[in-house]
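Shown next as C-alpha cells: one chain only, the form predicted alone.
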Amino acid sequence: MTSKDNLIKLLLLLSTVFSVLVTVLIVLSMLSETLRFFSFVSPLEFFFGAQWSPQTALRSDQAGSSGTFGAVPVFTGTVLIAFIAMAVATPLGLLAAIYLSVYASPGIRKSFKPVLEILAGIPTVVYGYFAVVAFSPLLREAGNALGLDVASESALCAGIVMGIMITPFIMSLSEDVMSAVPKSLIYGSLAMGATPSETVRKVIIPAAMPGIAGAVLLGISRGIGETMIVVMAAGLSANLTVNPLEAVTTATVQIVTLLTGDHEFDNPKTLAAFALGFALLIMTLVLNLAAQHIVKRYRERYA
C-alpha cells in the first residue's frame, strides 16, 4: 500500500472511532443525568405513574408545586401518534412502492420517485404549518358533520400528517427492496400463468418482506422521534387517553418544553428531560436492532 492509501485508511479509521466515541459520550451523559433524576424521583413513579405535571420550584425562594413525574401519559401519547402515523404511512408507502417497482413504466418511475422522495426532505415545521392551517380545520369540520367532537389539537391530526411525512421514507426503501428481487423469479411466475397481482402477492412481497419490515420499523423510529408536528398539531397536554380525537403530548415535545429557557440542572423538572430522552433512546435502539435482526436473519438469498 502506498503512503496515500495508508493516509486514507487512517482518516477512515479516525472517522469511525470519532463517531463511536461521540455516540458513547452521548449515551453516558444522558445516563448520568438520568441517574441524577432518579435520585429525586422514584423509577416506579416515573415508569408507572399516571400523572405528568413536572412544574416545580426552581429555587428555594420560589413557591411552586413539587411536581409529579408519572410518564405513562407521555409515552401513551407517543405510542398513539406513532401508531396512527404508521397506519397511514405503511399502506400508502407499500402501495406506492408496488406501483413504481412493478406496474409503472421506466419513464414514470424515473419521474415520480424523485418527486415523492422530495417530500422526505421537507422540513417538519412545514408539515406542522400544514396541519395547523389546513388539515386541522378540515378534520374538525368532518368531525362535526359526523357528530364527533374533534379537538383543535388532536392526536389524529398529528398522526395523519406525520404519516404523510413518513410515507416517502417507507416508499423509497420498500421500492428499492422490491426492485432488487431477481427478475428470473418474476418472469418465472408470469411464465407459469400467474397474473401480475398474484406475482406481487406470492413472489415479490415474500421475497422483499425482510426489507419491508425493516423499512416499517425504521419508519416507526422516525415517528417516535418527531417533535415539530406534535407541538403544532397535538398540543402540550399530557392526557392519559387513547382517544385520537383528544389532545395528547409526546416525549420529544416534553423534552423541548422542559429544556426551554434558562434552567439549572439540579432539579427534577430539568433532569426529567434526560430521563425521557434516555427512555426514547432505548426505544429507538430496540426498534433499530429489531429491524437489523429481521433483515439479517430472515433475508432470503436468491442466486
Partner chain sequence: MLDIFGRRAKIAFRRAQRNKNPFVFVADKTPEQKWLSWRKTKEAIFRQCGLAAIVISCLFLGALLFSIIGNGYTAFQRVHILLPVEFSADILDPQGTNDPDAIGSADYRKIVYSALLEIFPEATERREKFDLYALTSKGAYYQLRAMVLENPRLIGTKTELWLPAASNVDLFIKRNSLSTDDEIASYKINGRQYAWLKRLIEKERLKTTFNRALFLNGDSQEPERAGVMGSIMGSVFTIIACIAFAFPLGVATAIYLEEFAKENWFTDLIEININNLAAVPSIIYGLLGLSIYINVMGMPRSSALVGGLVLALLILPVIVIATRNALRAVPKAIRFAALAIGATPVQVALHHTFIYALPGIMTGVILGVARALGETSPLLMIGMVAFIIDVPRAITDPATTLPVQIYLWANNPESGFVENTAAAIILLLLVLAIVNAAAAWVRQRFEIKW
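Here the rigid core means the biggest group of C-alpha atoms that line up within 1.5 Å when the two forms are laid on top of each other. Residue numbers count along the first chain shown, from 1. This structure is a prediction, so every number in the text was calculated from the model and none was measured.
What comes next is about the form predicted together with its partner chain, which does not appear here.
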- Query: For the spot marked by S19, S29 and N288, is every residue within 4.5 Å of its partner chain in the predicted bound form through some heavy atom?
  - Reply: yes
- Task: Classify L173 as contacting or not contacting its partner chain in the predicted bound form by the rule of any non-hydrogen atom within 4.5 angstroms, answering yes or no.
- Result: no
- Query: Should G143 be classed as touching its partner chain in the predicted bound form when contacts are defined as heavy atoms within 4.5 Å?
  - Reply: no
- 4.5 Å heavy atom contact, T260 and its partner chain in the predicted bound form: yes
- Query: Can you check whether P106 is within 4.5 Å of its partner chain in the predicted bound form, heavy atom basis?
  - Reply: no
- In terms of non-hydrogen atoms within 4.5 angstroms, which of the given stretches 194-202, 176-184, 144-152, 76-84 touches its partner chain in the predicted bound form? 194-202
- Query: Among the candidate residues L119, A207, V72, A213, which is the single one with a non-hydrogen atom no more than 4.5 Å from its partner chain in the predicted bound form?
  - Reply: L119
- Note on the structure: Answer key: of L245, I255, L240, V41, within 4.5 Å of its partner chain in the predicted bound form (heavy atoms) is I255
- Item | Interface residues of 80-107 toward its partner chain, as seen in the predicted bound form [heavy atoms, 4.5 Å] | L92, L95, A96, I98, Y99, L100, Y103
- Query: Core-aligned, does S15 move its Cα 2 Å or more between the shown form and the other one?
  - Reply: yes
- Message: Superposing on the rigid core, I want to see if L148 changes position between the shown form and the other one - specifically a Cα shift of 2 Å or more.
- Response: no
- Message: Aligned on the rigid core, do the two forms place the Cα of I108 2 Å or more apart, comparing between the shown form and the other one?
- Response: yes
